[in-house]
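The chain below stands alone and is given in structure tokens; this is the form predicted alone.
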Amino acid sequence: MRARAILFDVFGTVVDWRGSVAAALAATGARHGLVADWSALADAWRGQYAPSMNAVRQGRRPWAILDDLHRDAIVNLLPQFGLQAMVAEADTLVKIWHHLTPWPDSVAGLRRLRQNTVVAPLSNGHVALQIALARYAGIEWDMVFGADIYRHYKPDSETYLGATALLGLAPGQVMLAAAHNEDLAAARALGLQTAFISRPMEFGSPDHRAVPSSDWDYVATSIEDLADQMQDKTATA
């Protein structure tokens, strides 16, 4: 069955969060005359991503949008990197995640897929973040889903099934495209189709996370490649 809608993980799959965050942190540090390992700080910030969301998912913290989680994380991390002078700019630093550069194939690939299929983000970012990010990156979505719609973070089932329900589709009519095997595994368990998008440079250098861990419905080297494969499959059907 051809997917009638494709939901995309965003951070890492559609946009280069690491390169974008490290560059923006370095620019802010330069204004303060500060020098640090900006890539390491970006990695550490991202390293707080899952633990902070799990605290919400497990009821150890009240519901909070990703901006709030990101702010708490960077305020705690800056002193560890000797960057206390940047704590006052925490609110501005959080907005870095609203302005991330897309991978080179993302905009064109999504545009191609959108010709025949509904495309939308299924991200742990909230709606306002996703709208700002799409406008900055030049991404055209048919719908914007955010974690604040369901007040749940992936991999909670409410996120995947909430999106399919709002689209008026059964899970089997919807595909999740992601660069992260665990995201795809959660989607498959709920009946969604799956597409693995390899992003070997997400963490700065190729590693095992850029390799599919299962027989996903599609395995692609880019969003353009996914569009090619789906086009070919339609042509031969």
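Everything quoted here is computed from the prediction, not taken from an experiment. In this text, residue numbers run from 1 along the sequence as written.
Not on display, but discussed next: the form predicted together with another copy of the chain.
In the predicted complex, another copy of the chain sits within 4.5 Å of a heavy atom of W141. Although the partner is absent here, T92 lies well away from another copy of the chain in the predicted complex, with no heavy atom inside 4.5 Å.
Another copy of the chain is not drawn, but in the predicted complex it has no heavy atom within 4.5 Å of H99. Remark: A85 does not count among the residues lining another copy of the chain in the predicted complex, judged by a heavy atom distance of 4.5 Å or less. You can rule out all but one of 69-77, 152-160, 120-128, 100-108: in the predicted complex, only 120-128 has residues with a heavy atom within 4.5 Å of another copy of the chain. Using a 4.5 Å heavy atom cutoff, none of S52, A186 and R209 lies near another copy of the chain in the predicted complex.
Taking G168, G191, G204, G47 one by one, only a single residue has any non-hydrogen atom within 4.5 Å of another copy of the chain in the predicted complex, and it is G168.
The partner is not shown here, but in the predicted complex the stretch 102-121 reaches within 4.5 angstroms of another copy of the chain through a heavy atom at R114, Q115, N116, T117, V118.
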